[in-house]
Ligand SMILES: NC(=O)c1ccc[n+]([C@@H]2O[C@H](COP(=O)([O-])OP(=O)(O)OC[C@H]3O[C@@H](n4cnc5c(N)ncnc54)[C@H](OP(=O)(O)O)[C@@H]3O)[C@@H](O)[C@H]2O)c1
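Just the one chain here, laid out as structure tokens, in the form predicted alone.
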């Protein structure tokens, strides 16, 4: 049994590899990465897998039973990149694909959803056994700005009072491991989200409670938020994207109360308080 993981040196990929090593022999794990040298510390076999070079994908997927396709971080190029991997997986005789998609990808208004919908369709059209893990928002998407909130005196965003059912990368990594090492998941699509749904005002309140400082949430019009992010040095396209995702969240796009994630990992998802504590400087 060989399990291969794409994007293995990314933040989610590293967590998955570390957790897999506690469950299956390291000899049965393959890290698929653009630069094998960067994966030397993972403690498993690393193979070159360049999304843009199908030849490397064919070699990388030889002998793989289960492929965990962690979605690429190159927004705008992901559909084509993932298609190359799916085609190579089919040609190599991979036994199963597990793909990290987006929460409610089939109906999500988020601009991110289109590429995920395309990849889900490609996987289903391949004829390979599959499982779709529709991951919700990462709590780290918000706790990553705890330092900036403390420095600036406020949490800012455009999510209004939208409830966000986020979970940590560790939660999603555990779900991926449960599926790639388990049985009975073929043909299933899981909507994965945190047990608790919080607003950005809740985030600000938790930062305030743990830091001892008064950190309010300041809601901004989408265009104003995008402009501020661009002012921080983010590329304009990415700044507009983040602001638009917040605006979508204000309308419920990141809410889910199905608790499929905690059911899959056999424990409650990580609470906001723990995530904030880990992020405090």
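Computed from a prediction, not measured in an experiment: that's the story for all the values here. Numbering follows the first chain given and starts at 1.
Not on display, but discussed next: the form predicted together with the ligand.
Candidate site formed by 131, 194 and 260: none of these residues places a non-hydrogen atom within 4.5 angstroms of the ligand in the predicted bound form. Interface residue among 226, 64, 70, 249, judged by heavy atoms within 4.5 Å of the ligand in the predicted bound form: 70. For the options 59, 213, 38, 218, the one in contact with the ligand in the predicted bound form, meaning a heavy atom within 4.5 Å, is 38. Exactly one of the stretches 203 to 211, 117 to 125, 90 to 98, 76 to 84 approaches the ligand in the predicted bound form with heavy atoms within 4.5 Å, and it is 76 to 84. A residue is said to contact a partner when one of its heavy atoms sits within 4.5 Å of a partner heavy atom; residue 138 meets this definition for the ligand in the predicted bound form. Although the partner is absent from this view, residue 169 contacts the ligand in the predicted bound form, with a non-hydrogen atom inside 4.5 angstroms. Although the partner is absent here, residue 12 is a contact residue: one of its heavy atoms lies within 4.5 angstroms of the ligand in the predicted bound form.
In the predicted bound form, the ligand lies within 4.5 Å of some heavy atom of residue 49. Contact residues in stretch 148 to 167 (any heavy atom within 4.5 Å of the ligand, taken in the predicted bound form) are absent; none meets the cut-off.
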